[in-house]
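What follows is a single chain, given as structure tokens, in the form predicted on its own.
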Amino acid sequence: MTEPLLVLNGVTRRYRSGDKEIEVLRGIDLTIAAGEFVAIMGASGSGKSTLMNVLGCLDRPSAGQYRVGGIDVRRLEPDALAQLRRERFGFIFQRYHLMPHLTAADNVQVPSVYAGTPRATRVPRAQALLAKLGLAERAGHRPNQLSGGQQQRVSIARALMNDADVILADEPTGALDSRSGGEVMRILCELHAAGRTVVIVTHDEHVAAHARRIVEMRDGAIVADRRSDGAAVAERRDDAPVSARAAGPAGRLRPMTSRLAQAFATACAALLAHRLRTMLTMLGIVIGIMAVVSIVAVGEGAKRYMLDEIGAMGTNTIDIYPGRDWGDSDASQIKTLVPADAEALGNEPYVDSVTPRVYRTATVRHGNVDVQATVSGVGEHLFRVRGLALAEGIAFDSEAVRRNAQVAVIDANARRKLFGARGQAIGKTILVGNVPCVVIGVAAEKSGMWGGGMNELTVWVPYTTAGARIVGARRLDGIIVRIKAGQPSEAAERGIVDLLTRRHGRKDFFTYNMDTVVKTVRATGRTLTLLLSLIAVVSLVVGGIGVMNIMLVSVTERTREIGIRMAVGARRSDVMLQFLVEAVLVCLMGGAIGIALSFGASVVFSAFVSQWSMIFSIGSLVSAVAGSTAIGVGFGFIPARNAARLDPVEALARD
């Protein structure tokens, strides 16, 4: 013998209210066969709605047994209960419970969305159901654009979307006028005539009279179970307005990609429906991402600027000075650093170019103008070693060095002081100390942190001229070595030290490697960028907390929507996935806006800061996107979990 469709044995349902436990259902024994039309009657508080919730697997019995098609409901996990609701039951609620941001057609499709029905199948079916219920022209309208009777018919179409075996209607005419109520009851009768099992909960005897069986309840117990003549019931007929067949199989688990796609579409609809809340939610993320990306870009620009400035001096240079270190009082007594050392270094395979150096501060005169300048005696390779360029004229060559030529190259500052801003300098004679020198070149002006200030003047002459006629000494104040490109700076420095130590018989000199400055600048830049980024990350975390708080508020505001989704078959994982996707979308959109604003900020920055510009790296932009996603998942997890753990009955009862 086939077991009845719905069987309750000794079902009890208790709720805790404060310190007390209230028994709403008391030992219910009820059997409903497939194809029956049953009305559950009773006054308010009699337990009839609780019984319907138990029948529809929205609620679990506290005691007793409930079987649906032979399946014991007590042993089912939440997702299995969701599948049972999705495949077996269709709900028609007194307050319709339509989602306000969805159209009538979209509301009807919700059960099939969670059933995994392809869009190409579910859209025509939803349109067909609405057409058969007289709502073809209202398919694109939202619930607030429909009358009460029309909303209830949308609710009926939704209940039929997955070809449910059982239609559960809770006070289906309670919120309708008599004409609309009569139309709804006519549709329910036709559904029964088409083979559906229909269970309605009502306190109205006229509504109950449509059923073939009436179950009366009082104080949580069944007090009567009688047959009715069902005079108002429509006869079964082949042209019933609602098909009893679904267009495709329901309840089949969807692939994860399909679920993600649907969660994305649902999340987009929810975010668009609450645009202001969405914008306020992402505001913190926008500020945080903009701060992080902009600070990293400013730091990278500053570091690049400093490295370029150092590079202009020659980052692969090593300076050699007499003495043990800076400030050595005996350095002036050391006379072993000589031009022959520079010649020996120039023959090393790792050396690109070398220049000796002798420097003093001296008075430089032209006409009636005299200034204090640094007079630097150097070799013919100085301009290559230091990466200097000439704005006018030429540099002295090896022949000028060999014959102690009285020629000079001056910098742009010296030119302005001696000859005026537009005065001709090439070919003019200046007195360097008491030595007349002909100006043969003017160095290009350098700006920036390493370019020298406006009051610093430099005059370059051959080191032989400086040693013999200006300084009066053969020893050098230093040697500058430029290392060949690709040669390791540390190894070259060790080679220089070894060579000069052998030549001098002791180490009476020290070296200064510009590569050390570069490494220091890079390390300092990384440290400052990290420090500033950590400060900016604080604002990003604050934004994430804001996302979490607003999402928690959103869960509270949308509790009824969550209950509706669960009632029509959404799994906990579906609800959780939807809210997680919403959080991630908010953060990703906030991140995109933040990045766009960062590029806008770079334009403003360039208008006020001319020395360097903000430099955006692919790594920082990818990190910003990844950070936005991580914050969406991290801070969206708790709200999503809270939403997924809501009890369907409690969620539906929320106002």
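In this text, all values refer to a predicted model and were calculated from it rather than measured experimentally. So that there is no doubt, residue numbering starts at 1 and follows the sequence shown.
In what follows, reference is made to the form predicted in complex with a small molecule, a form of this protein that is not presented.
Q: Mark A626 yes when one of its heavy atoms lies within 4.5 Å of a heavy atom of the small molecule in the model of the complex, and no otherwise.
A: Result no; A626 lies far from the small molecule in the model of the complex.
Q: Answer yes if any heavy atom of F637 is within 4.5 Å of a heavy atom of the small molecule in the model of the complex; otherwise answer no.
A: It does not: once the small molecule is placed as it appears in the model of the complex, F637 has no heavy atom within 4.5 Å of it.
Q: Look up in the model of the complex whether S44 has a non-hydrogen atom within 4.5 angstroms of the small molecule, and give yes or no.
A: Close contact exists here: in the model of the complex, S44 approaches the small molecule to within 4.5 Å, heavy atoms only.
(Q) Even though the partner isn't displayed, in the model of the complex is V24 close enough to the small molecule, meaning a heavy atom within 4.5 Å? (A) Because a heavy atom of V24 falls inside 4.5 Å of the small molecule in the model of the complex, the answer is yes.
Q | Partner-proximal stretch of 66 to 74, 605 to 613, 44 to 52, 29 to 37 relative to the small molecule in the model of the complex, 4.5 angstroms, heavy atom | A | Correct option: 44 to 52.
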